[in-house]
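Just one chain follows, in the form predicted on its own, and it is written as structure tokens.
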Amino acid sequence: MKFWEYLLKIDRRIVFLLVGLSVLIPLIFPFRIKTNVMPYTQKLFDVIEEIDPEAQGILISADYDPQTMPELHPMFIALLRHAFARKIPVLVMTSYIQGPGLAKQGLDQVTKEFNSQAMTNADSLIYGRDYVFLGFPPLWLAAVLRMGSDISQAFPADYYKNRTASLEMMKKIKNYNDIGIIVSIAGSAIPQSWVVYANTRFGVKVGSGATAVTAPDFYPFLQTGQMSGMIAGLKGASEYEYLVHTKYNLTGPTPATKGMSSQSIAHLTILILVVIGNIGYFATRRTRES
């Protein structure tokens, strides 16, 4: 019994240290975990696979801030890689005032990756021809509704102050009829608003990238078909990285896959500590009662 009593009296700072090390060490020495792709992640991947690049583009809304960046930014990167690998025209916007900087960082990273491998002008990713960054609209709801009729009127100027209607890509993409799917990446309920104002009213497909905490809120929309797939949490991001990198043989960094080793070991450590604590409690209960 003394063994269990000793375990139950361990200083909580030691517990915090163990959990901290279980997060830190796998980040320094990452290892690969077998990836099992969940159905809703696969569904979103398949919907984007079905888009005809000659007829439609994709709108990715980076609706997140630095607080949720570790979990959501890898999704944004993976979606950009998927769209660019398929030569799908990409529109990027954000509903968060903190979002433009994060979205620009992701766009710069992925376009640099692809352009470093390009051999010809046709292989390169050129701003205005292959992708457009719309930026942040101060009146988000008004912009979402206006995009249903004319995206260039909702965003008269893009993030770089170019006249949106003058960009080559925007001559083909006028409104939601020219969008294959909208994917809102958010740590909040913003994807639900996309469903209400874009899917329900205009019929455009909507997908989401969500934190693990908020993902359960979207399952009713997935089950009714109002959402066309979802990337849920860091695990979902690692699944999407796996799908894109496997199919298109990409070699860029995979932060979600790397993070999964840390997250898995941390969860395992916490689980072991909970089990030990419960065994110790029941093993010493009779002694305390006597």
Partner chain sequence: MSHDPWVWIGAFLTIGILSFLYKENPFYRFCEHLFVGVANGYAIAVTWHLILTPRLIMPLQGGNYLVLIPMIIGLFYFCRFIPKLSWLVRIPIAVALGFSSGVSIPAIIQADVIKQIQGTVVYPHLFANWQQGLWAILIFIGVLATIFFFFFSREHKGILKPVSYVGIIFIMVGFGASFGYTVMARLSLLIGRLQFLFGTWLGLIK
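Remember, it's a predicted structure, so these values are computed and weren't measured experimentally. Numbering follows the first chain given and starts at 1.
What comes next is about the form predicted together with the partner chain, which is not displayed.
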| property | result |
| --- | --- |
| Every residue of 70, 136 and 141 near the partner chain in the predicted complex, heavy atom within 4.5 Å | yes |
| Interface membership of residue 161, the partner chain in the predicted complex, 4.5 Å heavy atom rule | yes |
| Residue contact check: residue 100 to the partner chain in the predicted complex, 4.5 Å heavy atom | yes |
| Residue 19, heavy atom within 4.5 angstroms of the partner chain in the predicted complex | yes |
| Residue contact check: residue 232 to the partner chain in the predicted complex, 4.5 Å heavy atom | yes |
| Contact segment among 214-222, 174-182, 105-113, 82-90, judged by heavy atoms lying within 4.5 Å of the partner chain in the predicted complex | 214-222 |
| Of 118, 157, 189, 126, the one that lies within 4.5 Å of the partner chain in the predicted complex (heavy atoms) | 157 |
| Within 251-279, the residues that have a heavy atom no more than 4.5 Å from the partner chain in the predicted complex | 255, 258, 259, 262, 263, 266, 267, 270 |
